[in-house]
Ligand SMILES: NC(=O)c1ccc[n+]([C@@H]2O[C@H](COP(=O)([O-])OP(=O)(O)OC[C@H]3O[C@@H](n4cnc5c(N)ncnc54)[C@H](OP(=O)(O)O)[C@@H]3O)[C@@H](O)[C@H]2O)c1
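One chain comes next, on its own, written as structure tokens: the form predicted on its own.
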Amino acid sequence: MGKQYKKVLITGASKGIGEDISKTLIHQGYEVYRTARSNMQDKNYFQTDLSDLNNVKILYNYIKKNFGEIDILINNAGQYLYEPIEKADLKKTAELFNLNFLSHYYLTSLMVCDMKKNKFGRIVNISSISGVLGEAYASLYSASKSAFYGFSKSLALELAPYNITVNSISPGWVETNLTNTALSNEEKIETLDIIPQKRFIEPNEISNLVLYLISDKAKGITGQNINLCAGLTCGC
């Protein structure tokens, strides 16, 4: 039997979507390593703030030294910002774009060296429908998420000869603590009213899609973005 490609690194994995993806993959027998800003007591967890791009190389070196080569990379870390553009602050702008996109770009550039050598890799980028549709008062967030489109498609072409797939998932409104905190009851009712299925996406729907995309069953799927949004982007 050949090598089993089971080592996974997930960024932004301490809560919400990232936490659910971690639990799902662990349950399915994957060897999961996680990173996020918050502190957790877990031997397979590394606390770091990826909005500081210097920490990306530190993370990579730590993972490589302590756990070996990573087969599957889930780029999930991100931050939401809702404010009018005239309030833009250069420092805050750089931090958000670093965390939401550039940190993933840099981390991927480091991880693909081993993937190319091993002729195997799976990369899944967690984007957002805000990067597909646009969102008023969230132009910076939308821009950072839409960056995944060109990145995923171009990188998929570049890495296809090495048996490495690159795809992105764009969730709509997701039933998480962050969503419930961000929306009042009235806002939640208004939001549900514009979603065709009249519901929020469950985190495990995203996790199960990730599970499929990293499996051998999906080896022919690469360079794609999947809108997982309960029909919110239909007609776009």
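Since the structure is predicted, the reported quantities are computational estimates derived from the model, not experimental observations. Note that residue numbering follows the sequence shown and begins at 1.
Same protein, other form: the form predicted in complex with the ligand, not shown, and the subject of what follows.
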How about residue 50: is it within 4.5 Å of the ligand in the predicted bound form, going by heavy atoms? yes
Is there a heavy atom of residue 73 lying 4.5 Å or less from a heavy atom of the ligand in the predicted bound form? no
For residue 79, is any heavy atom within 4.5 Å of the ligand in the predicted bound form, or not? yes
Test of understanding: in the predicted bound form, would residue 106 fall inside 4.5 Å of the ligand by heavy atoms? no
Does the ligand, in the predicted bound form, lie within 4.5 angstroms of each residue among 122, 149 and 151, using heavy atoms as the measure? no
From the candidate stretches 30-38, 207-215, 61-69, 184-192, select the single one in contact with the ligand in the predicted bound form, where contact means a heavy atom within 4.5 Å. 30-38
Residues in 112-133 that come within 4.5 Å of the ligand in the predicted bound form by at least one heavy atom, in order, are 126, 127, 128
